[in-house]
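As a starting point, one isolated chain is supplied in C-alpha cells, in the form predicted on its own.
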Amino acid sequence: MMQIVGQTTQLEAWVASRTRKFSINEILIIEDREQGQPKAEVVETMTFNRYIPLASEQNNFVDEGVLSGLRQVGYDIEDEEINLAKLRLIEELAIPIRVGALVRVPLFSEVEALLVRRRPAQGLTLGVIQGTAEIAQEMPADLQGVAPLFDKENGVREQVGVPFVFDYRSMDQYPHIGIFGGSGSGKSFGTRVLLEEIMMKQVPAVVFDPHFELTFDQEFPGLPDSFRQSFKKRFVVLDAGVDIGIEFSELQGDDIVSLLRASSGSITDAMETAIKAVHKNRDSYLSYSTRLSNLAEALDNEADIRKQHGEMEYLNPDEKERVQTLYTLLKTYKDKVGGFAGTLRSVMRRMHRLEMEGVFTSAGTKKVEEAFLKRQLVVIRGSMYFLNVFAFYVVRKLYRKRREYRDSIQKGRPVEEKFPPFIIITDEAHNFAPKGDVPAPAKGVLKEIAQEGRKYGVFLVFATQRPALLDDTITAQLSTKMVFRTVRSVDIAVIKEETDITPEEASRLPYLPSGTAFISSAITGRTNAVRIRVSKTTSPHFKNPFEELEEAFAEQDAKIWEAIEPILPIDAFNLNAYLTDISRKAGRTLGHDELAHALEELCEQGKVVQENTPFGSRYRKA
C-alpha cells in the first residue's frame, strides 16, 4: 500500500510505503477523488530503517511534518523500513492533496495522453522515458520495440519503458532545439539519434560538422534485425572549400568584412572602410583583388602617376592605359580609403589566404540545394575555422531562398522551383553564435532565424558543451532543450533559468549517466527524464583508440611474422639481404632497423631464438 503522508501543498506531497520502493521519475496517481485523481511524478526517493535515523539535530533527512504524518497513519518509524518519495504534481491544484490518500500505479491508458503526444510513425523516437517500465507492460504494439537501449556492460538491450516520441510537427509553434552536455555525457550520441530520426522522416537538413564524425554508413554493431536500417541514400557529405564554396560575386562589402573578421580575428576600422569603399556590386574575386592591388600601387607612386598623367602624349598606348587606370583609381578612392596603401595590402593578404584555401569557388551551395530537393541531410565538414567562414554564407543563402519562396507563394507570384523547409544543425554552437561581442559572421543570420525562422519553416538545432557561452537571444528561443550531464555551475545556472527543471533535477545534472537527458520542451509542457535509444549507425570514432591501436599493430605484426617465418634462420649481420623478400610478403617496405626491431620483439614473444655462431649472431625459429 502507498499513501500520502506529512504536509502537502497544491504542487508537492510525500508518499510512503512499507513494501514498495519508488523509482525516480515514475508517474503515480493519487486517489483523491475531490481533486480528480491527480497525477504526480516522483522527483526524489529515499529508504530508511531502524539503523538510519530519520531525523536528529545534526541530520534532518525528512521534514518533521512528514515524520508526524507517518506516525498518524500507523508507521513505526523507529522499527520499520520505510520507503519515501517526494511527488511533484503534473498540474497545480486549487487546494492541497488530502493527507492519507492512497496512491497507485496508473494503467497505461490513464497516462498515455501525458506520455505519448505522437506515435512513432509521426514523430521522432529519441529514447525511453525513465520510470515507466511498470506501466509499459500494457503498451500497444506500435510503441514496443521502437527504442532499444545500449550500455557498455550489456551492449544493445531491449526497450524497457514508454518511448519518448518528439512531436517535431509542433515546431512550427515551438521552434528550435538546444542540446547541452559536457564531454562524455552522451550529447554527441543524442545528436546522432536525432539526426537519424530527421533522416527517417526525410526532413531536409544541413549540419556543420567540425569533428568529422557525422557519417551514417556504418551500422551500429549488435542491432536486432527489426531495428536495422540503411541511411546511405539519406545523406551526403560535402567538404568545405572542395564540394561547397563561396561565390564571391554574391558578396556585399559587409559580407567581406564579416569573412575577414572571422578568418583573421580582427580588422581595423580603416580596413573596414577601405573594403566597403572599393567594393562594387557583382564584383568577382579577380576584379575586386585587381582593383585593390592597382589602387595600392597608385597610392605608393602617386607623384609619378600624376606627373605621367600630365605627359600622356609621350607615352605608348599600353602605358597610357595603365596610367589612366591608376589615375582614375586615385581620384575615385584616395580620400575614401585614407590614402594609405598599407591598409589595402593588409586586406589583400587576408583575402589571398582565403582564396588559396579554396573558400572562393564557383561551387556555391548548388549541391546543398540539390540534396534538399531530394529531402536529404547534408553534412558539411571542415575545421572550426573553415566552417565559421562558410556558415554565414551557406545559412544566409539557403534562408533567403526559402523566405523568397514562401513570400512568393503568399503574394501569389509565380514560383519556378520549390524550396523546402529545412533544419540547420551545428555542433560547438557557441562558436557560431557566441555570447556578447565576440565576432562570428553567422551570428546575425542565426539570430534572425531564431526569432523569425518558424514563419518560413526554417529551424535550428544547437548542440554545445557550454550553454553559458551561447548567445542569450538564441538560447531564449530554443523551445526544446535536451540536457545531458553538465558539471559547470555557470552552465547549470543557465539551464535552470531557461528550462522548467526542478531544483531536484538540477542537483542531479552533474551525476546523470552518459546517455540520459532531461528533455524540457514547451511542446510537452513538462520535463521528461529520457534514456536515449541506441543509434542505428556509429561514428567512425566509435572504437576505443587504444583498442584500435592494439588491433592495427597486431595485424601489422602478424603480417611481418608471416613474411619472416618461412625464411628463418636469418643471419643478424646480413639483414639487408632479406629486406626485399620480407617487404614484398609483408606488403610494405621495411628498413634495416625496423626488421632488427621486429626480430627482437619476436624473441621476446618466444617465437624466435637468437643464438651465437662462429659467423655471428643468427635468428632461428623457437
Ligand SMILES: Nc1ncnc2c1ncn2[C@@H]1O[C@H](COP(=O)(O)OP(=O)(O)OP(=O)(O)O)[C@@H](O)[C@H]1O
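In this text, residue numbers run from 1 along the sequence as written. These figures come from a predicted structure and were not determined experimentally.
Note that the form predicted together with this ligand isn't included here; everything after this is about it.
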ask   = Though only this chain appears here, would Pro210 touch this ligand in the predicted complex if you measure heavy atom gaps against 4.5 Å?
value = no
query = Can you check whether Lys86 is within 4.5 Å of this ligand in the predicted complex, heavy atom basis?
reply = no
Test of understanding: in the predicted complex, would Gly184 fall inside 4.5 Å of this ligand by heavy atoms? yes
query: Does the 4.5 Å heavy atom contact test between Gly515 and this ligand in the predicted complex come out positive?
result: yes
The stretch from 276-284, 432-440, 146-154, 91-99 that lies within 4.5 Å of this ligand in the predicted complex, judged by heavy atoms, is 146-154
Only hit among Phe360, Phe189, Phe235, Tyr333 for heavy atom within 4.5 Å of this ligand in the predicted complex is Phe189
This ligand in the predicted complex has a heavy atom of only one listed residue within 4.5 Å, and of Thr537, Gln465, Thr426, Thr125 that residue is Gln465
